[in-house]
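A single chain, nothing else alongside it, follows as structure tokens in the form predicted on its own.
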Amino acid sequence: MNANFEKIAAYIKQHCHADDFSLHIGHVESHETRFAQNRITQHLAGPTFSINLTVAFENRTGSASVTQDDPASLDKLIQTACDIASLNQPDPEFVPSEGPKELPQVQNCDPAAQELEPAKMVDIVQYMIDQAKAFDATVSGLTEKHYSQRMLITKNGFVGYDESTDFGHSMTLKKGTVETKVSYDSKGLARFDQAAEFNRLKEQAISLADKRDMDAAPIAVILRPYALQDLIWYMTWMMDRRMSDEGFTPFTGQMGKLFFGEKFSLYSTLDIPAIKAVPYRDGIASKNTTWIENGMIRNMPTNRYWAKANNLEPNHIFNMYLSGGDATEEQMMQMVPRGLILNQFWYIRSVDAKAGELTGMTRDGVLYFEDGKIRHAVNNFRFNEIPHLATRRILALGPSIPTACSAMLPSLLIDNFNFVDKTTF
């Protein structure tokens, strides 16, 4: 536990006389080394510190934030939050703060990442630059590390504390007309292999050198894990229990029913050390949760207000684990006559929230395969697709790998993915 956090909490407890309060304290130490066109351009370093207080008088609430922890700043924080509450309208959805909870024991802090020196970060960047020059290419990107501490204290007795590390390395390589990107994001350094990362980027660039024009049409796709990740984030956002109960999403009335493809299972888990698992959110303790099991919806994220109003248990998606299979990319290419391999999506947006339809574009390279072999690269595409319907067309799954600090996902072979147009970028 951070001793300064405890000192701040003690001061607020002593001086805040609201009926209820929730106190959030956060501190982040960051280092970011930026590089562009084979040159290191910037290193940013320093802390960010924030204290946020939400108070309630009956069901009138007010919030304020400060970035200093001296008594004068804390007094101002309390007074401002209380003044806002006194002027606010009653909140019909007010829920009292959480009381004491038993929280899971998690390990989100990697000592190697926490102790990573700026000089080593520069060495990583310089290695990538040297490799790019040897490949007659230019590379740009960012290497970053963050050490975070956060705490939540409530008047009703909840005490939560978590510390975590994040290490990230992303880079874009440009060689001639080819431009492509890879990224690494994890709570630790154990899986980071700088040679493997550059080779992944280099091989991706080589595969894109022969690019040909192709019209948009529904076609089988292999979604590599990073492409799948983008779709899953948006889909889970639409799975909100309240929005579904109120009829705004395709999941209305589908709880406990077979709605996704039977090969699709999604969890939040405390049991995989490779991915981060925060111990709480908004006073809700994290626990192992099955969201979708063999296509059947078992749970949906539910906030505290909706849970109380409907006699439900509040829960939240604190990480994403999608169970995979054992199919290799080569085996997937043998399962369909032709198809596309997708590295990444971007600019994903909702088209029809009620139907669950999303649109977006491919990026960082699209490969065309036929008769079990990659033939050449093709242009990028825009898609219109309904993710839960796409899961019903899953033909095979690859092994799950960590794709972000809080996600572990497989590659998927999906039939008839709906592309609607070509893009020029």
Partner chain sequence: MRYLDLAIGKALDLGAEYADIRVQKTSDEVVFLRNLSLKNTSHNVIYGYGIRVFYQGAWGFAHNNVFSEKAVLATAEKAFEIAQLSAKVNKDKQLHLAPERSYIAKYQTPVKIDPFSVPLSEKVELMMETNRILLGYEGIKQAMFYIVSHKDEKLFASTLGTRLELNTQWIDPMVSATAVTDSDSQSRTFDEGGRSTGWEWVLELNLQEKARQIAQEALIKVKADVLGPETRRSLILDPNHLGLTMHESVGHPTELDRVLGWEADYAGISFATPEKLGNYRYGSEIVNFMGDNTLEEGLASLGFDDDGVPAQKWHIIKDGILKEYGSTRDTAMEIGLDYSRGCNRATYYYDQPINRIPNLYLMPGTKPLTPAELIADTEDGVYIQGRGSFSIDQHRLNFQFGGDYFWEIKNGKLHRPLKKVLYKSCNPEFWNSCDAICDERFWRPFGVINCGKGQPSQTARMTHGSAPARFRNIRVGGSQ
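Quick caveat, the model's predicted, so the values are computed rather than measured. Residue numbers count along the first chain shown, from 1.
Absent from the display: the form predicted in complex with its partner chain. The rest refers to it.
Next item on the list: Indicate whether D210 is a 4.5 Å heavy atom neighbour of its partner chain in the predicted complex.
Entry: No, D210 sits far enough from its partner chain in the predicted complex that none of its heavy atoms falls within 4.5 Å.
Checklist line | its partner chain contact at R363 in the predicted complex, heavy atom, 4.5 Å | finding: Flag for R363 set to yes.
Next item on the list: Considering only heavy atoms, tell me if K155 and its partner chain come within 4.5 Å of each other in the predicted complex.
Entry: No, K155 sits far enough from its partner chain in the predicted complex that none of its heavy atoms falls within 4.5 Å.
Check: Would H43 sit within 4.5 Å of its partner chain in the predicted complex, counting heavy atoms only?
Finding: H43: contacts its partner chain in the predicted complex.
Checklist line | Contacting member of P92, G99, P71, P111, with respect to its partner chain in the predicted complex [4.5 Å, heavy atom] | finding: Flagged contact: P92.
Next item on the list: May I ask you to choose, among R338, R281, K354, R200, the residue with a heavy atom within 4.5 Å of its partner chain in the predicted complex?
Entry: By the 4.5 Å criterion, the partner-contacting residue is K354.
Checklist line | Candidate spot G141, R349 and V420, all three touching its partner chain in the predicted complex (heavy atom, 4.5 Å) | finding: So, yes: the whole triplet contacts its partner chain.
Next item on the list: Please name which of the stretches 281 to 289, 218 to 226, 309 to 317, 168 to 176 has residues with heavy atoms lying within 4.5 Å of its partner chain in the predicted complex.
Entry: Stretch with heavy atoms near the partner: 168 to 176.
Margin query: At 4.5 Å, heavy atom to heavy atom, what parts of 1 to 39 sit next to its partner chain in the predicted complex? List them in sequence order, or say none.
Written below: The stretch touches the partner through E29, H31, E32, R34, A36, Q37, N38, R39.
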